[in-house]
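The chain that follows stands alone, in the form predicted on its own, written as structure tokens.
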């Protein structure tokens, strides 16, 4: 065990965690990023909407970040998995799968969510290639195509309206009785948006390119791409919950605007906080949390220097 406590341990090495590490590293803090190396966006061929990095592979963005981080010798990046965290005497005691024990004054959890797709045969083969969740990430590439929208429930209609911005040729598959009002069904009809409630039994594709949606009714519907209202996302890490952080009705960890939780010194940022944040959004939250944490250290040091 390293008996000297680090200033901040960051669990999760996505854009949020690495952005926080960069800010804190430049603020002269001793930081360790612990990352498993299995990001949520690894199924995506290209990342979009991140200024100066639009169209790059997520893995390439991460490699650039790692290379730039080497400039800051007070920042370590460790490929490992955090399994247990306890708080003792004001410090976080972190134990990893590789049998390391690390002490830290503060901690950021940026582990995000993990997708749990419906068990529809063929869906995994197209997800991240021609079937997506985020229209702001992938809508441009699917503009004006014949698209499928998969989903149901309260979030369905707002999601349809959003996807309609990129293509007017939509068919909605609710995989069972649609949980929308008659008025909303009329709104779809007025815009020539198809609504199919028959259960989906399979998705047919070639090399990840969505081609057909096969229904329990026996019908087969041709589509070139699609979007999902939800990917069945759930928290990738239970560590904040085990430390006493509550989850809201959406399954997100509850924090204040800067990511501070009800546990002193523990911050949660990115998808773990907001379900879906986007690369640039997560990076922004990491920056903000890094500034907030450094300001706390600055204030603590300033007060200590006043003591006789």
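Worth saying up front: this structure is predicted, and the values here are computed from it rather than measured. Numbering follows the first chain given and starts at 1.
The next section is about a form of this same protein that is not shown, the form predicted in complex with a small molecule.
- Residues 41, 46 and 237 are all found to lie within 4.5 Å of the small molecule in the model of the complex, as judged by heavy atom distances.
- Residue-level contacts in the model of the complex: of 214, 123, 91, 81, one residue has a heavy atom within 4.5 Å of the small molecule, and it is 81.
- Though the partner is left out of this view, residue 27 does not reach within 4.5 Å of the small molecule in the model of the complex, counting heavy atoms only.
- The shortest heavy atom separation between residue 227 and the small molecule in the model of the complex exceeds 4.5 Å.
- Put simply, residue 252 is far from the small molecule in the model of the complex: not one heavy atom of it is within 4.5 Å.
- Looking at residue 244, you'd find every heavy atom of it more than 4.5 angstroms from the small molecule in the model of the complex.
- Segments offered: 204 to 212, 170 to 178, 107 to 115, 190 to 198. Contacting the small molecule in the model of the complex at heavy atom distances within 4.5 Å is 107 to 115.
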